[in-house]
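One chain comes next, on its own, written as structure tokens: the form predicted alone.
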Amino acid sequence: MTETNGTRRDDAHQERTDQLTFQNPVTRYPVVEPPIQDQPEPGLDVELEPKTDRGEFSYRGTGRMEGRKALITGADSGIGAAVAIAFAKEGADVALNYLPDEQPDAQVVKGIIERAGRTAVLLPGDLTDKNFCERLVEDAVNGLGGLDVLVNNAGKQIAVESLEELEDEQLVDTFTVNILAMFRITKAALRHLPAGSSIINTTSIQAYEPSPDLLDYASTKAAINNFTKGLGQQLAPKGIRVNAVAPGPFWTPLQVTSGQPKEALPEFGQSTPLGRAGQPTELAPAYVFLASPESSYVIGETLNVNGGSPSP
């Protein structure tokens, strides 16, 4: 990799301007026009076409999280991976949770974090398992030597055309991964989080503008918003801040594992005011802001990062 005038060039010789460089957001990244493709759940970044930008070369840290210790769920690919990479480049050590089938992606992210000079702890496991949710926190604390940032990011999203076709198993799994695991992991983490810590939950524009074919997923995201605001009030007197980030259409493996109807993939994200889908690294600064002390008076907030789509 080389770097010239704020522009970084990766091994594929693609130019990636970093997030601190003055730029036109419309043209920072090309419009994603993915071919129709399918991956079994949970999906892998290493097999996605086109590839995502998770910030390996395009995120430039400024030391805002020096010495911090973060646990991120769903951290092997997409949004979670971009957040993990950004945290490491800002000076944090990171524990990564993901499903065992996502090990190839997790190894890539681990390598990026270690090249940034930080510690990466790999903690594969299934968040539908209540006991694992509790063990996950303990293992993260032991591996990192403490914990002061929790990012509840893991999510399950499968498009189903009608309510009649929504299988009960999918309904239960979606609610278990997206919201019940968030309750369980956060509850376990509170034993370890000191004053000054930050909890950040990943919600979605679906909480405000639910797609007809994502009823179960959208409902969990609305619940996450409510959980964030209520818990934020509960923990504020203890000096622990709780906030959320609501992504719009971001190009990740989630979209090709039945997260979107296959016929909709070639135009994914083009209906936003910016006219394109987001890249995962474009979300990372929102999480960094909410994790860092510069947002010390921000509690119960949902930051919408969605390419300009109006939202509350």
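None of these values were measured; they are calculated from a predicted model. From 1 onward, residues are counted along the sequence shown.
As for the form predicted in complex with a small molecule, it is not shown, yet the points below apply to it.
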- Segment assignment from 139-147, 216-224, 110-118, 186-194: heavy atom within 4.5 Å of the small molecule in the predicted bound form: 216-224
- Task: Have a look at Gly232, Gly125, Gly91, Pro210 for me and say which one sits with a heavy atom within 4.5 Å of the small molecule in the predicted bound form.
- Result: Gly125
- Note which of Ala106, Ala154, Ile179, Ile199 lies within 4.5 Å of the small molecule in the predicted bound form, where distance is taken over heavy atoms; exactly one does. Ala154
- Message: With the partner left out here, check for me: in the predicted bound form, does some heavy atom of Leu99 sit within 4.5 Å of the small molecule?
- Response: yes
- Query: According to a 4.5 angstroms non-hydrogen atom cut-off, is Pro253 in contact with the small molecule in the predicted bound form?
  - Reply: yes
- Close approach of Gly61 to the small molecule in the predicted bound form, 4.5 Å, heavy atom: no
- Message: At 4.5 Å between heavy atoms, is Thr228 in contact with the small molecule in the predicted bound form?
- Response: no
